[in-house]
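Just one chain is shown here, as structure tokens, and it is the form predicted alone.
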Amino acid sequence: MIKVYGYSVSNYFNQVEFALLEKGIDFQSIDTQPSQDDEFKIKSPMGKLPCVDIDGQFLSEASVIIEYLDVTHDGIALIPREAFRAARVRQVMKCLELYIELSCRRLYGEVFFSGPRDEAAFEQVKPVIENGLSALRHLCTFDEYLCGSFSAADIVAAHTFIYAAPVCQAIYDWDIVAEVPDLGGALDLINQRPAGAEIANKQAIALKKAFST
């Protein structure tokens, strides 16, 4: 059985669990915090989460894990088998991660931990996200889901905007989901899938616990 190391507040951990559920793969989740200890870095060389144990062999980085699961297990194809459609899904995944999710992380301290405003981040993040949203408007078909049929891009989108949207609302009074026509409807569909609803519920419980202590 695949073992998944991480914690339910982490949107990257939740992407991997979402993929496992969609693929119908048996797995065990092991609640773990990231670490720079040498012993832990045997599992995850950068000390990051999630990582997975597959018969004693380890992989880290959520997108890498999702692609591995997709090509090694039957069931729904999370990456299309046709080459160009597959490349487009990967392109959307990269756009979401690099220009929206990671950019918003620079603002987490102020929003989630009541830290002081990082003026450089405040000035620099919004233009990057604007470009990322413009790219989504260009790349995504929104034929129900982001790239047509359900794919890994939808998993990444759900667990990008789950934090990016409230962060941008809090910092800029900016509804970034509304900036991309049909994105809100697609996110609703993604989160209404059985796997999406299960992961969203687990994340909500974990967030409530984390911020009530």
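This is a predicted model, so every value here is computed, not measured. From 1 onward, residues are counted along the sequence shown.
Just so it is clear, the following notes concern the form predicted in complex with a small molecule, a form of the same protein that is not shown.
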* Asked: Between the options Gly184, Pro34, Gly148, Pro166, which residue brings a heavy atom to within 4.5 Å of the small molecule in the model of the complex?
  -> Pro34
* Ok, Arg85, Lys126, His73, Arg105: which has a heavy atom sitting within 4.5 Å of the small molecule in the model of the complex? -> Arg105
* State yes or no: in the model of the complex, is some non-hydrogen atom of Ala153 no more than 4.5 angstroms from a non-hydrogen atom of the small molecule? => no
* Asked: Taking heavy atoms and a 4.5 Å cut-off, does Glu130 contact the small molecule in the model of the complex?
  -> no
* To do: Answer for Lys48 alone: is it within 4.5 Å of the small molecule in the model of the complex, judged on heavy atom distances?
  => yes
* **Touches the small molecule in the model of the complex: Ala157 (any heavy atom, 4.5 Å)** => no
* **Per-stretch contact check against the small molecule in the model of the complex, the hit in 21-29, 8-16, 185-193, 200-208 (non-hydrogen atom, 4.5 angstroms)** => 8-16
